[in-house]
Ligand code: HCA
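Single chain ahead, written as structure tokens, the form predicted on its own.
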Amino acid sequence: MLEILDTTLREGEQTPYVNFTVDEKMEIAKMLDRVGVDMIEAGDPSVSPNVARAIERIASLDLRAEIVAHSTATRLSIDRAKACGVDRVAIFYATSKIHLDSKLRKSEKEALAIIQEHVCYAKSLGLNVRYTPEDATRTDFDFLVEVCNVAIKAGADRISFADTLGIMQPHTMFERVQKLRKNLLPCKIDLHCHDDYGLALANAMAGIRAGADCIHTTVNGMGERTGIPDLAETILAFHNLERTEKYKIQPLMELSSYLEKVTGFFLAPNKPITGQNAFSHKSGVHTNGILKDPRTYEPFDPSVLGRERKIVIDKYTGKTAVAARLEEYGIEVSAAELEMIVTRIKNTGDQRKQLFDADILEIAEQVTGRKIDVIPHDISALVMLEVESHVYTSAVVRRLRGFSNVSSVYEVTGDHDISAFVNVENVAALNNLIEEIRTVQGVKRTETRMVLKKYSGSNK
């Protein structure tokens, strides 16, 4: 049965400009355990004292998942992993010719001796051992088999087949893993697939089909360069396409959102499963089908993730979607009025990048001649911002002053770092502005307070 090792706390933290606090790592580990991942790779304790501290604290949480520490092939690094109280150490040592010649400056014979020595040493400390031949997919296959079997004989019960540069294709991954399975001594095979060509999950699924046991993932697909398979995408792909119903789906959105919040690593809107547009529908043909039966254009029900579908209204929209949106506000229109409203929406959509509900209702007012007063207008609000500790507050202030709806900005003391006073035409515009503010690099958290009454500064 499929196993998942999540390495957000190690590979994920290797994402450029991403660093977790110890408390954040603790929280991420707990959330991963609620999803039900089989193993959590908590980091390499040799990286820094705080990384070691986090691994030690995670190992003490008594989670269901096996806790893994990453390690170079050195006794000092392995000792540090042991001192953290982890269940397993993952020792890596490169095996491709370019790594041996250019980076390590070791012969194949020397590499074999180093790997054997350090796997044996880790095993003698009572640790479970995974050996990773870094750059395995560019390693001469006969040498790869030899080095893996040396590691297995020395005590490793897992081998991680690492596609370090993401150069595999699903058919070549299948063939290579199948061949590897036939030539290795009994062990479990992990798959560590990088996404340099956008094929990481496809390659991992092909590898599992060929006889591998475990896929390495990160939340939101984070990692070196373009990352590795996304945890949510991996779980949903296996759950829906392969009927592997082992992991909990409901916590995935909360976990994804938490990682966005603490890293500033924001998802592309069109990212599968967790992206903003994953369950958004725009074309008239699509929205017509969705409103009649969601199965027409949705691969699965978004409610399993705690999400809702969204119908986008603009020039591509048909009458069915517009009528449904108006009904949400309790507005009834005749067939002729609906036709005119849709026509005006299309004309307006040719001139605008985005239409808000307020725009649609304004068009409905113009067509019907009736006052539709369901969305408050002329809103003032105070947006309080907390800024990441490594970002200059003044840099965020400069960005905020560039927003046309921001009338004034203040650096303040207390729980927040910045206070921005904004004026917008309606709630929809306020929501859009807040979403834009949240995309400013360095903004960690926002809190919005709408102005109910405004008084002059003097009563004289």
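Predicted model, so just to flag it, every value in this text is computed and none were measured. In case it trips you up, residue 1 is the first one in the sequence shown, and so on.
Note that the form predicted in complex with 3-hydroxy-3-carboxy-adipic acid (HCA) isn't included here; everything after this is about it.
Although the partner is absent here, N203 is not a contact residue: none of its heavy atoms lies within 4.5 angstroms of 3-hydroxy-3-carboxy-adipic acid (HCA) in the predicted bound form. Mapping the unseen interface onto this chain, H194 counts among the residues with a heavy atom inside 4.5 Å of 3-hydroxy-3-carboxy-adipic acid (HCA) in the predicted bound form. At a distance threshold of 4.5 angstroms between non-hydrogen atoms, E11 is in contact with 3-hydroxy-3-carboxy-adipic acid (HCA) in the predicted bound form.
Contact check for L305: every heavy atom lies farther than 4.5 Å from 3-hydroxy-3-carboxy-adipic acid (HCA) in the predicted bound form. Proximity to 3-hydroxy-3-carboxy-adipic acid (HCA) in the predicted bound form, taken as a non-hydrogen atom within 4.5 angstroms, holds for one residue of F238, F92, Y121, F279, which is F92. Residue S160 is the only one of T317, T274, S77, S160 with a heavy atom lying within 4.5 Å of 3-hydroxy-3-carboxy-adipic acid (HCA) in the predicted bound form. Stretch 130-138 is the contacting one of 308-316, 261-269, 130-138, 295-303, since its residues have non-hydrogen atoms within 4.5 Å of 3-hydroxy-3-carboxy-adipic acid (HCA) in the predicted bound form. Residue H70 is the only member of 48-78 with a non-hydrogen atom no more than 4.5 angstroms from 3-hydroxy-3-carboxy-adipic acid (HCA) in the predicted bound form.
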